[in-house]
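For reference, the chain that follows is the form predicted alone, supplied as structure tokens.
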Amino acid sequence: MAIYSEERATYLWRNGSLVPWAEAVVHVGAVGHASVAGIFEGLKAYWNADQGQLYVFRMDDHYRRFLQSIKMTRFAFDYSLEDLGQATQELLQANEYRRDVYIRPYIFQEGLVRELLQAQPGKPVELVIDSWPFEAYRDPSTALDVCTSSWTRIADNVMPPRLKCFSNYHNGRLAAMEATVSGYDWPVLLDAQGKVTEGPGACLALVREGKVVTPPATASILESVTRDTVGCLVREVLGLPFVERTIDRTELYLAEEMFFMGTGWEIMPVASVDRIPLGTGAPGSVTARLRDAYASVVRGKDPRHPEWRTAVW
């Protein structure tokens, strides 16, 4: 069960200005924000009560990926990395957040979008940055029962996964619905060759023989900021090798531990795959240590990597 809040922000940021949340509307005919070409990003800010500070985690890295996605879709876009960061800080200050917050910037074509397949390079877009109080998608104290999906993960020459586009996420949504009706918590998607890719909205890693192993960036996965963070923490805090390589489906069954990782998921342990238990079926020691290390660094309790945290106040 999701544990995020249903609360709404007071303001969002739209096209250069703070706008009351309730007044930020588009006509029902302007479906570009929810159609083929809409681009988005997901960031999180963490409240440190002891320091009285809200930290946006790896803001520049997320916005670099946002700009890369925009480049691939050939949108006209005039905002710089610095503009995006300043707008985000302005938004968080205006909403007076002193709690954990999810941040979602997204762009869509301006005006009516009637022909969804018509390529329109350079067409103007609207930029919106929304935010809301947020803890995590799932309770991390419990582990998930997952399945390998019958749906195949999209490939780079089909709908490139490194493009963070709304339409790409329907692939994972189909897999998630299949998992739910089959009695699982979440799925793992394989590629056309039957190799492991990721879960909907989250990368994954497994623990085998003293190593943390994850599929490479070329394995139909999103180039995840969280995955990069985890790689650093595995090496620096846990002192374990972080290996990027192709993973067979059957390796999931033999793993001592497995976890999903993402901005919304953070570090989410897995109990079983296709009804085959991993370890004791409870969160493993490596996953637990990694989760603690991640929680400390994002909130600034662990002082390492200060370049990852942007202070709001």
Ligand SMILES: Cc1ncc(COP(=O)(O)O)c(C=O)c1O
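Because the structure is a prediction, the values reported are computed rather than measured. Throughout, we count residues from 1 along the sequence that is shown.
What comes next is about the form predicted in complex with this ligand, which is not displayed.
S.K.: Can we say R208, V270 and P283 each have a non-hydrogen atom within 4.5 Å of this ligand in the predicted bound form?
M.R.: No, the whole trio is out of contact, none within 4.5 Å by any heavy atom.
S.K.: Can you tell me if T263 lies within 4.5 angstroms of this ligand in the predicted bound form, counting non-hydrogen atoms only?
M.R.: Looking in the predicted bound form, residue contacts with this ligand include T263, since a heavy atom lies within 4.5 Å.
S.K.: Applying a 4.5 Å heavy atom distance criterion, does N95 contact this ligand in the predicted bound form?
M.R.: No.
S.K.: Give a yes/no on whether G201 approaches this ligand to within 4.5 Å in the predicted bound form, heavy atoms considered.
M.R.: Yes, contact at 4.5 Å.
S.K.: Residue-level contact is defined here as any heavy atom of the residue lying within 4.5 Å of this ligand in the predicted bound form; does R138 satisfy this criterion?
M.R.: Taking the distances in the predicted bound form, the answer for R138 is no, it never comes within 4.5 Å of this ligand.
S.K.: Given the stretches 22 to 30, 283 to 291, 254 to 262, 46 to 54, which is the single one in contact with this ligand in the predicted bound form, using a heavy atom cutoff of 4.5 Å?
M.R.: The contacting stretch is 254 to 262.
S.K.: Identify which of T226, Q109, S131, T88 has a heavy atom within 4.5 Å of this ligand in the predicted bound form; exactly one of them does.
M.R.: Exactly one residue meets the criterion: T226.
S.K.: Note which of F242, Y169, F77, W151 lies within 4.5 Å of this ligand in the predicted bound form, where distance is taken over heavy atoms; exactly one does.
M.R.: The option sitting close enough to the partner is Y169.
S.K.: May I ask you to list the residues of 48 to 78 that have any heavy atom within 4.5 angstroms of this ligand in the predicted bound form, in sequence order?
M.R.: In sequence order, H62, R65 come within 4.5 Å of the partner.
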